[in-house]
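In structure tokens, one chain follows: the form predicted on its own.
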């Protein structure tokens, strides 16, 4: 598309950056409103916020305005430079995830051959920002929350990565665009016209991905780093104003990105049977958006259903159950790939 318009490299790069910068807050708003405000409230037999806009649709914008008006406070003993930079590092990790997510045959910021590796690598950068926030706040609750987050992300990064390996083996590529094409050209029950979404042969991998993503997002039942009843607000306890808003935006922007990656890996991403070329570029973002909402439903349903784990339970689930299951999934996938 950009080639047809004869745009210069700097122009195409600027457009891509602006699109990503718009998708992050938009995706965060959509997920927070649909699931955090409305789905959770209806699951608990209540209405949720209803005053700001029709059916409370402007509530999050009102909250954002409130945070932007608050004073930017630094703790007296904080390392000011590191304290200020921490939420930016976390938010940048979320931005980088969108670089390789395809929304159509030609709608991607960068179609890397190692797209899966890139996405999983940059998702780990957020732990650096979390550690920076916990250490620089000069607060024991912040530091404990940051250390919990580091231990949790290290433990659950393994089942997340290993769960995706099965998809990579089956597709034979690490390119997210290539994985979409592999599903599009697969045969479901002998019918090639329908493609083959990998959620069917890789159902275990999908479960591992959802659980790992839930832990990466530090959402219930994996919210030990933010445990209000124990740590007040964990590594974010000293943050206010727009810096706290950055953490909030990064959490839901990352959730949107993980849902997009899950939809791409297991549900065929932007692909629609029988739609190709320019039509796929037009319909692709809407199809991917619908699949993102479906994957997000599972992520937030999980969040609203289970109570918080103890720290020992959290580590035991990862090391005793999820990682062995992921290794079994890789072994079975590899055997079937060779035999079939």
Partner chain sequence: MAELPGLIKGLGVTLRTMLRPAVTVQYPHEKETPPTRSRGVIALKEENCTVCMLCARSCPDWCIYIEGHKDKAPPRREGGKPRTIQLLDRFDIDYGLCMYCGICVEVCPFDALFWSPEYEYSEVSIAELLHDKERLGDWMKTVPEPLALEAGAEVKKGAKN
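Positions refer to the first chain, counted from 1. The shown structure was predicted, so the numbers you read here are calculated from the model rather than taken from an experiment.
Omitted from view is the form predicted together with its partner chain, to which the following refers.
- Heavy atoms within 4.5 Å of its partner chain in the model of the complex are found in one stretch of 298-306, 22-30, 64-72, 277-285, which is 298-306.
- 43 is the sole member of 57, 43, 294, 272 with a non-hydrogen atom lying within 4.5 angstroms of its partner chain in the model of the complex.
- A residue is said to contact a partner when one of its heavy atoms sits within 4.5 Å of a partner heavy atom; residue 39 meets this definition for its partner chain in the model of the complex.
- Interface membership of residue 321, defined by any non-hydrogen atom within 4.5 Å of its partner chain in the model of the complex, is confirmed.
- Although the partner is absent from this view, residue 290 stays clear of its partner chain in the model of the complex, with no non-hydrogen atom inside 4.5 angstroms.
- Among residues of the shown chain, residue 47 is one whose heavy atoms approach its partner chain to within 4.5 Å in the model of the complex.
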